[in-house]
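Below you'll find only one chain, the form predicted on its own, shown as structure tokens.
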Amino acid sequence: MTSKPYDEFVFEPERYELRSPPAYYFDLDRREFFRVVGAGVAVALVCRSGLAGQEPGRGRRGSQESLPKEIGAWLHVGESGEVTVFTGKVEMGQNIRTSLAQAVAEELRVPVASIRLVMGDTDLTPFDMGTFGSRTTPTMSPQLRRVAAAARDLLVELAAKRWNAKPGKLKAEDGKISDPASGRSIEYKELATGQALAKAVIDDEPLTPPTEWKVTGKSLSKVNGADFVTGKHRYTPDLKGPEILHGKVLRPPSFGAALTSLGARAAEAMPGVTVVRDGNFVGVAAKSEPEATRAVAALKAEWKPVPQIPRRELFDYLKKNARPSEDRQETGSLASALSSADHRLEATYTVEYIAHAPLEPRAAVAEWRDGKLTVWTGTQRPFGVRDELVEAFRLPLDRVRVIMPDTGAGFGGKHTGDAAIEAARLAKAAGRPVKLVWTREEEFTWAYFRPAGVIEVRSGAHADGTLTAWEFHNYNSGGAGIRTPYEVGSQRIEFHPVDSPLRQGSYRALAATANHFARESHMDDVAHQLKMDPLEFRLKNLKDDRLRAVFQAAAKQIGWGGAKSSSGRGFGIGGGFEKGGYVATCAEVTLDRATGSVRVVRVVTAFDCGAVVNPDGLKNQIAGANVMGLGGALFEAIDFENGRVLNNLFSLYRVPRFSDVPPIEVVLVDRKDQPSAGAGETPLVGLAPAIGNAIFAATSIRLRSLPMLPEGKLPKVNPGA
């Protein structure tokens, strides 16, 4: 195996949180620091796998360029026959633990039940950039398959040496090596006892082709699924220990407000309370969460606010404050193509900020012990959080450990270590471990949001339906999915960055959702202008066979052509390519003319992500993406005024409810001739335009803003506007 990274990082523009300055710069008191880290504070954490007591450093690295080459850094066969696999990827509800176990089982020829994954522990697992961008399946799965194949070959060699036989004559199956000629067999655990799996993994290790898969490609139940549904599985907020204190942080009344004075006497007088002020950080630690809440409420703080724009001025602000384009593609002569077009159309689309709204808010437990900081936290980037802690506390890399005991959803919102840093600072001051769990109000206010955006589209087409010109400008939202998959000879596509009024960053599918919404809505309007069927118009301008196939599959499933739109009932379609996957979604909506309310009554999504690893798991991912996409498409939006978020509770912030969710049908286009791609993000991008196009088909009203139905019913606009 060479030193080339297995997971190349694409720095997409809307990952703003990864290029923002650290959340805190601490003014460390050296006497306090060495008093705490030298005290040897210990705590017994109740954690499902007891990772606190496991062996240190298994192939961990600090740079992207030196992935471990040895099998043993990634995989270990124990004396009991259990296979332990080490990966920096993490589980956050997408069931990646199961599909990675399938990949190992396929190549190592062992039952899935014999595999245990150690995930997201910076002391035990090889370095990983993070679990995002739908990269786990196309990068980590092949990596672990190569490791497992190399381990299998090594075990065959060990058996051949023991029996003085030829390796090519032996067979690996069901956790053992057998010799068909003699009838002998030996289990992996016997061969591995006392042996180090030190063989190097090579890039071109022969792998089992998808056509011969026996474990991968099948629907297996979720690994540890019963633990999740019964509550046995422990997340960060569930961690307990007799020495753990509870932390709370004093938040400003508005974004950007500066602390001018702090009165802490009342809080400091409370028994067992530690108050910390360090630069712009103020927090407390106490014996219980209610005591910590009372202590932070007793702090008397004065703040100096900074001017903030209100939500109603957002889109004007984004246009007026755009910086020079960071991403521009231009081909042909746009002016000439527009002037020669038989039909021209231009429109503006807008996208509001929305929240990730994970079930589990940010949480961390921090412990200083023997000069080392260990943090348990729900994050998509354990190594990234480790680096943030190193910077915040000026520590050597090997003195910080981050453990991720799974997290209750992330959706791109848990890339930063805010709660980890806050808990660590409080633990350092208190001299004891501290658990910090953000409230729902904090999660809705102080986490970063999906970027808002303005998108301007201008197009030209001939009377026969051939696209001739395409101009597309995205302001602030981002460049993911910005390129059109349709054949257009002359085009100009640009992303314009803006200094956002609110903190913003990665969100499931990034800006591909906004860009697909604008593009696919506009394609429908052009088709309407040409008096062409929307599907026919797309296929006429589309040469990509895989994208054509999913459009046709979704249309066939919903009965496109036979399912005619009418007054009060409409069908729409939208789709595209993103993160290695091809998606097309059809939606059916109905309108209650008496109330103006619109209901999505059916959704069909066809998806091609190459060779399917776990069909049921993939279907769940696609259905989940559609459910999540309903919120951003129909009603989710952050409301803000004077630097304050006004809807920072679930009772005020509308997310999809069971009553909102229509029947969702999934059509899998299994391409065993193509490598497997991820499915966590791409299925989301076709839903909003499909719903918008269906609403237009039913009402002749074009909705060009996300969310489209913030009040749950049609806005009062002119039909066809």
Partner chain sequence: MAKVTELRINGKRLAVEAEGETSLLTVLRDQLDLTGTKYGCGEGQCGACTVLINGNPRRSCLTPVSAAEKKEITTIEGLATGGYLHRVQQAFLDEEALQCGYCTSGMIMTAVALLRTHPQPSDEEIARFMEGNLCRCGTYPRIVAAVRRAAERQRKSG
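Numbering follows the first chain given and starts at 1. Just so it is clear, the structure is predicted and the values come from calculations on it, not from any experiment.
Note that the form predicted in complex with its partner chain isn't included here; everything after this is about it.
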Within 4.5 Å, heavy atoms only, which of 187, 268, 327, 289 is in contact with its partner chain in the predicted bound form? 289
Contacting member of 621, 125, 416, 136, with respect to its partner chain in the predicted bound form [4.5 Å, heavy atom]: 621
Report the stretch among 408-416, 209-217, 194-202, 483-491 that approaches its partner chain in the predicted bound form to within 4.5 Å, counting heavy atoms only. 408-416
Is there a heavy atom of residue 628 no more than 4.5 Å from a heavy atom of its partner chain in the predicted bound form? yes
Please determine whether residue 567 contacts its partner chain in the predicted bound form, using a 4.5 Å cut-off between heavy atoms. no
Is there a non-hydrogen atom of residue 361 within 4.5 angstroms of a non-hydrogen atom of its partner chain in the predicted bound form? yes
Can you work out whether residue 280 and its partner chain are in contact in the predicted bound form, taking contact to mean some heavy atom pair no more than 4.5 Å apart? no
For the stretch 222-257, return the residues whose heavy atoms include at least one within 4.5 Å of its partner chain in the predicted bound form, in the order they occur. 222, 225, 226, 228, 229, 230, 231, 233, 234, 235, 237, 238, 240, 246
